[in-house]
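Take a look at this one chain, the form predicted alone, written out in structure tokens.
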């Protein structure tokens, strides 16, 4: 019911007006958290566990925080599909994930993707997120990986060059430009020379969601960010032209692959594969 109401408001052009009014009143983040809680509360009581593969499922409120939806089937399907896409992308570049020493999911949430790494023998698995509740759940429910919390800003506690591979799914899509720059630099610090960095962005396929001024900026190669004061929440949305990613986010890396949204499985954002120089 709540999601249908928001969709209707969006279609009528009312949602942006409401959000701007809340923003001026300083209530934007509070209102969005209330919306998320309502989504979780109104979730169907019947949860499909057919694809859970023996691991616990997070409660509805944590799934909403991570995925924007309490739908269990979508949570599991998306996570497994993204896991397979990550492995396929690395394999295409000649990487056998079993040969990796350490893999980190930056912004792991409640393990939507990381839970599917359990079947891979070889690398030590790590997850980090700035939401303490999400990490507490992961520590209790996904014991095959090591989990840590971070703050909204760097640094991380990991040593220089510790990881062969770091990936971030729908993380830089929810940060201000300044915050993205800080985290790009920090993740480069912990990835070894020759290691890999994979991340997703809202790219060309999201152009139609932009306002006319935003679309003009996007076409000019500029990053577009909405509600940057809500960085770290799904409310904050960043839109990355491909030229911006290649010129501004890839310094110190070689871009090995770019997979457009909609071309594989549940990939609804662009996926970039970078190798650390």
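Predicted model, so just to flag it, every value in this text is computed and none were measured. Numbering follows the first chain given and starts at 1.
Just so you know, the form predicted in complex with a small molecule exists too; it's not on screen, but the next bit is about it.
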With the partner left out here, check for me: in the model of the complex, does some heavy atom of residue 183 sit within 4.5 Å of the small molecule?
yes
Should residue 66 be classed as touching the small molecule in the model of the complex when contacts are defined as heavy atoms within 4.5 Å?
yes
Taking the small molecule as it sits in the model of the complex, is residue 115 in contact with it (heavy atom to heavy atom, 4.5 Å or less)?
no
In the model of the complex, does residue 190 have a heavy atom within 4.5 Å of the small molecule?
no
Just one of 78, 199, 196, 126 has a heavy atom within 4.5 angstroms of the small molecule in the model of the complex, so which one?
78
Assert contact residue (the small molecule, in the model of the complex, non-hydrogen atom within 4.5 Å, options 147, 83, 163, 106) equals 106
With a 4.5 Å heavy atom cut-off to the small molecule in the model of the complex, the contacting stretch among 90-98, 203-211, 117-125, 163-171 is 163-171
